[in-house]
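To begin, one chain is listed below as structure tokens, in the form predicted alone.
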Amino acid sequence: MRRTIIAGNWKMNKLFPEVEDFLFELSENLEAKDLGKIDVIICPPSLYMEIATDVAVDSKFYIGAQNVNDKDLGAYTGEISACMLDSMDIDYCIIGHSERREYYSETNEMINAKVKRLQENAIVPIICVGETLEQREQGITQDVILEQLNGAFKDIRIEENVIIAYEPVWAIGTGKTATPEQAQEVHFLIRNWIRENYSPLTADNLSILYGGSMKPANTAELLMQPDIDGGLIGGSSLDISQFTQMIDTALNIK
């Protein structure tokens, strides 16, 4: 069954004393809700994953990592492997985020290797794809998205163990947002690619999230699009009031 997912990507934000308060307040807020087919995910900095999983174990939300190394183990100072995440009961992991691609030169081949490591450890990858403003203005959005999909999913089997997030790079942290129609167009492209390369059933069941400056003001109109199944949320996930408001909106729509 296709799930609606509200995922918060904290990036490199929040100090340790703030984390527990946020998570307990989120837990209390969700306790009285019937989430149905909605999954709530928090992806904190790796430093906070232990406390996050401790709170989440008795709560109605899941914990994800923001990144993983493409190797199993070894002399990779500062890195975290998929088996380490698995040993901490991490359920999800973001990979291929545009900031990782831009600032750390991550390639489609590296992202593909990370997908394999995560699947080997029963962690659901949240695979990010998206185009820059220059690429959109050149009219090559479709080519960019398909290249990223072909690279990330090479030799990958998927059932209900993969999530895709479309993040127009030009709409991340800029205050700009793709219109619902622009977002839907790319989400349809992605779902159709899954349909053609896997199966109609897989395409119908796979959740595709929008990840470009989603906030309370535009949550409803985005979620009303037929192929948008939730959001990978940055700035608004840092504010408990905004984040829970977006969850409530999803509950009312989905």
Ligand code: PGA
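As the structure is a computational prediction, the values presented were derived from the model and not from experiment. From 1 onward, residues are counted along the sequence shown.
Although not depicted, the form predicted together with 2-phosphoglycolic acid is the subject of the following passage.
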Original post:
With the partner removed from view, which of 68 to 76, 131 to 139, 149 to 157, 164 to 172 is the stretch that lies within 4.5 Å of 2-phosphoglycolic acid in the model of the complex, judged by heavy atom distances?
Top reply: 164 to 172
Subject >> Partner proximity in the model of the complex: residue 114 to 2-phosphoglycolic acid, non-hydrogen atom cutoff 4.5 Å >> reply: no
Original post:
Does residue 44 reach 2-phosphoglycolic acid in the model of the complex if we count a contact as any heavy atom within 4.5 Å?
Top reply: no
Original post:
Going by a heavy atom distance of 4.5 Å, is residue 214 a contact of 2-phosphoglycolic acid in the model of the complex?
Top reply: yes
Subject >> is_contact(residue 106, 2-phosphoglycolic acid) in the model of the complex, heavy atom dist at most 4.5 Å >> reply: no
Original post:
in the model of the complex, which residues of 220 to 254 put a heavy atom within 4.5 Å of 2-phosphoglycolic acid?
Top reply: 232, 233, 234, 235
